[in-house]
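In the block that follows, a single chain appears as structure tokens, in the form predicted alone.
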């Protein structure tokens, strides 16, 4: 049996411990000979690396594990690179989310002004990282799930147009599937999705039962519209330990009731209900603060405790039962103990195992439109259902999209395209246009004020934008 080498770029991420844990569950489906964490921030990666040393020593026989800040050591001869970098770190996310609130609009990690600011930092770093990986591992599969994924995908398609092993993905659609499929007694791996949109701005049009061929989505929507109280109770129970996502999915159900013909991304809330979303936070307390008090604190405490203890087996941290359960079905057995983000890690493993076993599973990834949706811009990087195997990505035809969704998507794509143009051309004019056309900002004077603050705060983290005249 072939064993593979994997590098996790962004090893200091709070999502890394769950991913490493799931790699232990998936030893049979995704056999590994080497696992490496890579990060440019050695201090942030250290506690997670120390945790990884204990985890793999006890639960993954004969796997080589280490963590590093050296590119060659990280990337040499790798088969897979999972990329989850955060350009500028969490401090920059804090700026992204709080500056827009000064001017009366949503500050969010990937949407609106915050997402655009994050994209300006991410694009140059992602391009350099891909070049570094390709220098040492020209044939590796690079699976990128760094945000803002739509902007990153728009940029990387231009720089690496012929790289068939570079795949941009997002786990949000899979979380939506996991949230609503229980209404019809199904699990995610029992259905094939049909979906269209930009990343964090899309809609399900089908959830096809693999056994019967039936589209389950109409029945899910019927249950949502006819028995919303039942659905609310189910969602409340499902997300009871996470107030943010609990509240988000209650509002998501409201959105389904307003638009009861498809299943939208939760992120559509920011574009369709900006006043409601604006009221969730303020300049002094945003989602960043919520995450740092929740997942960030939990992960650091968890990893540090295990590293100090030096073992997991026979302690309260023992995950042996989960690993044994995973011998049957990795997706069924996955249950993270740290950040409660099972979908994030499971989706990566599912996609990688579809490649190595040539299963040709249907997954949602970002691909250039090129006629998949003929009434949308052919250059648009659509998030769509695709078959994934050793030969790469084979997208499934979407067809024409309705006028409402077409209008929203064309507007957002103009914003993202202008932003990438601005980064590559160092053009302040296109930067301003990108911010002004964005549906969440939607005002030139506001865009200029936000940009003034963001340019000052980001400093050298942004490329320099040249003003004409």
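Every value quoted in this text rests on a predicted model; they were computed, and no experiment measured them. Positions refer to the first chain, counted from 1.
There is another form of the same protein, the form predicted together with 6-O-phosphono-alpha-D-glucopyranose; it is not shown, and what comes next is about it.
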Q. Are 172, 245 and 295 jointly within 4.5 Å of 6-O-phosphono-alpha-D-glucopyranose in the predicted complex, each by at least one heavy atom?
A. yes
**Q.** Of 353, 368, 205, 147, the one that lies within 4.5 Å of 6-O-phosphono-alpha-D-glucopyranose in the predicted complex (heavy atoms)
**A.** 147
(Q) Looking at 390, 287, 276, 102 here, can you tell me which has any non-hydrogen atom within 4.5 angstroms of 6-O-phosphono-alpha-D-glucopyranose in the predicted complex? (A) 287
(Q) Does any part of residue 15 reach within 4.5 Å of 6-O-phosphono-alpha-D-glucopyranose in the predicted complex? Heavy atoms only, please. (A) yes
Q) Just to confirm, residue 362 within 4.5 Å of 6-O-phosphono-alpha-D-glucopyranose in the predicted complex by heavy atoms? A) no
(Q) At 4.5 Å between heavy atoms, is residue 80 in contact with 6-O-phosphono-alpha-D-glucopyranose in the predicted complex? (A) no
Q: May I ask you to state whether residue 180 is within 4.5 Å of 6-O-phosphono-alpha-D-glucopyranose in the predicted complex, using heavy atom distances?
A: no
Q: Specify the contacting stretch among 157-165, 231-239, 287-295, 302-310, defined as having any heavy atom within 4.5 Å of 6-O-phosphono-alpha-D-glucopyranose in the predicted complex.
A: 287-295
Q) If you look in the predicted complex, which residues in 126-142 sit within 4.5 Å of 6-O-phosphono-alpha-D-glucopyranose (heavy atoms)? A) none
